[in-house]
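One chain comes next, on its own, written out as structure tokens in the form predicted on its own.
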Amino acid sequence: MNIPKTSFPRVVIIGGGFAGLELAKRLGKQDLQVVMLDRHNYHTFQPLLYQVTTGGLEPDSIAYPIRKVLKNYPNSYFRLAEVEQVVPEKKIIKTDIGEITYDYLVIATGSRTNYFGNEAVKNNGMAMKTIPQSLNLRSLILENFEQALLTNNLDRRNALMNFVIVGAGPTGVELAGALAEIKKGILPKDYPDLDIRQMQINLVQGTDRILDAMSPKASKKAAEFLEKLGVNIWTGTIVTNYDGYTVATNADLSFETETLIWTAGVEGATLKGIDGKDLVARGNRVKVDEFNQVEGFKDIFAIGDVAYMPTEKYPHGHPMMAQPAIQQGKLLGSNLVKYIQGKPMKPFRYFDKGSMATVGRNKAVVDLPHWKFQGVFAWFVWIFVHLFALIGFKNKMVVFVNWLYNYIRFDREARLIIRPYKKKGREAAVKKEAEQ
């Protein structure tokens, strides 16, 4: 990889997400050589992926070059690489561009979509975990309306305009709200020769309420907001199969749709070599101690979504969200220096700053540790928090200007099919149309 040799200990960080990037910034000014590996050369602000999907933002508004973050640290290096395997016995990492050795390894690979063993949904549904996936989904949504204009089959047209979102956590709720706003204010103007009133947005949740990780009050209010926007909410319903056209559930309920969006859960993105049964716990996450040290290893750490650190308050590990990842990255930045110097490390204690979700225009729900509120003020709080959390002044300004323009004009100008997407399973719909 042409990483120069140095007398400083080498710390390799795998993953440029919230946790990895925060750690790299903390270690960059220390007497260490820091090497970051990632399959993308940018950091993704995942909480706003749904806005790329629905045309509210362009992808470069929520992405930031990793090299630009590391450029101020002379002993920090970045390599664009797909990690294939870790060999702990030899302290070697094997990638698609070669091998690299480490003195200390930090796994910050984040999470990936969890289909819970449902291969049919995995093959025929759509995920929304990365920028490429969001762009594919944006293209598919717009292509559906273009196709709906061309078919004379009413059932096929309805299936093209029917959207099923599986999973009613913050991502699913925010996506449903955004689609409802598009249905209300944008699509009737873009497609005047389509009856947009026939467009259906179905939000399917396996538990008895949406936003079940938030307070009951937030869940109830979010449900009210969505229902007023015309979203159909189905709780206590589990999707069992999807062939690309028909969605089957565990209840006496099915949907005909050409777009199933899976936001029902994530699992840790473990690596080969650190994925043995004794190392991996619930949610496919790597077991770590209170210092984020991987069990059984003195020189390997894991932080963020991929780290499983059960505590009395969080018996199943910390929430797989940005805040725990950022806090673990910050703490490990000081702990690793202490560890190398032979000093005692500080145990991780997660400070829950709260959670929030927006539900369309002027509507949001916010749960803070000592205060819970909903409505317009919650929406402004949501906007401020997300603008503040974005990396880079330019990104903050671009997103703010986009939001201001969209709010005033009630428009989303990024509804572009930049790269057409050919959906798996579309043959089933075409075949069904031909049979009819």
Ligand SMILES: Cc1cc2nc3c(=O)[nH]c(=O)nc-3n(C[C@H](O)[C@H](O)[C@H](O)COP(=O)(O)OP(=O)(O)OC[C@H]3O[C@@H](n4cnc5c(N)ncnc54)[C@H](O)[C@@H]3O)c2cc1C
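The numbering used is simple: start at 1 and walk along the sequence shown. Since the model is a prediction, treat every value here as computed from it, not as a measurement.
We do not show the form predicted together with the ligand, though everything after this point is about it.
**Q** Quick one: the ligand borrowed from its pose in the predicted complex and superimposed here by the pocket C-alphas, is it open or blocked (3 or more atoms within 2.4 Å of backbone/C-beta)?
**A** Open: no clashes with backbone or C-beta.
**Q** Please determine, with the chain shown alone, which of 391-399, 363-371, 37-45, 24-32 has non-hydrogen atoms within 4.5 Å of the ligand in the predicted complex.
**A** Flagged stretch: 37-45.
**Q** Given the ligand in the predicted complex, answer whether the residues Gly20, Met128 and Met321 all have a heavy atom inside 4.5 Å of it.
**A** So, yes: the whole triplet contacts the ligand.
**Q** Exactly one of Glu82, Asp212, Glu119, Glu295 has a non-hydrogen atom within 4.5 Å of the ligand in the predicted complex; which residue is it?
**A** That would be Glu82.
**Q** With the ligand left out of view, which of Gly177, Gly110, Gly244, Gly167 would have a heavy atom within 4.5 Å of it in the predicted complex?
**A** By the 4.5 Å heavy-atom cutoff, the listed residue in contact is Gly110.
**Q** Using 4.5 Å between non-hydrogen atoms, is Leu203 touching the ligand in the predicted complex?
**A** No, no contact at 4.5 Å.
**Q** Is Ala325 near the ligand? Define near as a heavy atom within 4.5 Å, in the predicted complex.
**A** Yes, Ala325 sits close enough to the ligand in the predicted complex that at least one of its heavy atoms falls within 4.5 Å.
**Q** Can Leu187 be called a contact residue for the ligand in the predicted complex at 4.5 Å between heavy atoms?
**A** Output for Leu187 is no: heavy atoms all beyond 4.5 Å of the ligand.
**Q** Can you check whether Thr171 is within 4.5 Å of the ligand in the predicted complex, heavy atom basis?
**A** Residue-level check for Thr171: yes, a contact with the ligand.
**Q** Given a 4.5 Å distance limit between heavy atoms, list every residue of 279-310 close to the ligand in the predicted complex, or none if there are none.
**A** In sequence order, Ile303, Gly304, Asp305 come within 4.5 Å of the partner.
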